[in-house]
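One chain comes next, on its own, written as structure tokens: the form predicted alone.
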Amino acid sequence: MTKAGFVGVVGRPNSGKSTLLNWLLGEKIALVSPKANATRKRINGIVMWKGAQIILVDTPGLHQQEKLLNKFMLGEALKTIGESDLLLFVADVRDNLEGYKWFLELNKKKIPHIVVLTKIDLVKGEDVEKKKEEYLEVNREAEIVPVSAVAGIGKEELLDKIVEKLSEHPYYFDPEIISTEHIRDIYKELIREALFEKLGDELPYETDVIIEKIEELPHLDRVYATIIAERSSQKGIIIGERGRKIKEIGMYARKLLEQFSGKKIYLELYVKVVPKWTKNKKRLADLGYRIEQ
């Protein structure tokens, strides 16, 4: 029998979850940004390792806010905690353990987990050992794997540990595919990453992307997308003076799309104002953020 299972990737915002997913996968499918709460929906990446199929489920960061969109994001993370075969609790090695303590409370089904300490290239070796001791003081049974995507440390050890904990099961998906996501969902996330990259702190939190249409040709994809903002002033920030900023965003987004697809990309971006979309359940649902009662 083969091994296969769903592995939830959870943790506080900016802990390095999406970077970890892309690194383990060897492909960029998840949005990466230093800005908190960039990831909004779950996204699956499939890693084949030593005959096992690992379905990694990236999630929004564990956080609490009253906004409807944030409630949806927390709901995505909580569903993953409850539905996974194994959990990776991802934490910046420099963070305190409050997030881990909260995670242990949220993990009501006691799903087995591995603590993944990220960004260890930014601290000394003794600091990593000290942090591991802190986790063991909270949970003596914690299994801890320090990693660094930047320095390429810990990848094989982590994948081996995951496979060790998975149960025997036939593959859930074709072993040749790297994700169960639709191409339009991946393109959406890559365009959102371009917004984060080119607007930085100017980027309004109340922005999103709709993929209106994709025309797939043998060597070219034509992609038509709309950037959603809540106010006219936000639209002005995205477009920029004489359209310079939207041009920069488009060029960077096209580069990301081409790196992923291996094809030439023709990209048209539009900007549209949808007032108070983050506060309206129906508008949120129209954009794919359905909040359950």
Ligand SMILES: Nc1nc2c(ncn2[C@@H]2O[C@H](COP(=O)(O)OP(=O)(O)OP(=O)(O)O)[C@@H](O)[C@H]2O)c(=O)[nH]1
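Position 1 is the first residue in the sequence shown; the rest follow in order. Computed from a prediction, not measured in an experiment: that's the story for all the values here.
Omitted here: the form predicted together with the named molecule. The next part is about that form.
For the named molecule in the predicted complex, the listed stretch (74 to 82, 145 to 153, 128 to 136, 180 to 188) containing residues with heavy atoms inside 4.5 Å is 145 to 153. Checking L97, I211, L122, L104 against the named molecule in the predicted complex, a heavy atom within 4.5 Å turns up for just one residue: L122.
The partner is absent here, but in the predicted complex a heavy atom of A38, alone among I29, A38, L69, I228, sits within 4.5 Å of the named molecule. The named molecule is not drawn, but in the predicted complex it has no heavy atom within 4.5 Å of N280. G243 falls outside the set of residues with a heavy atom inside 4.5 Å of the named molecule in the predicted complex. Looking at Q234, you'd find every heavy atom of it more than 4.5 angstroms from the named molecule in the predicted complex. Although the partner is absent here, Q53 sits far enough away that none of its heavy atoms falls within 4.5 Å of the named molecule in the predicted complex. In sequence order, R12, P13, N14, S15, G16, K17, S18, T19, L31, V32 are the residues of 12 to 32 having a heavy atom within 4.5 Å of the named molecule in the predicted complex; the partner itself is omitted from this view.
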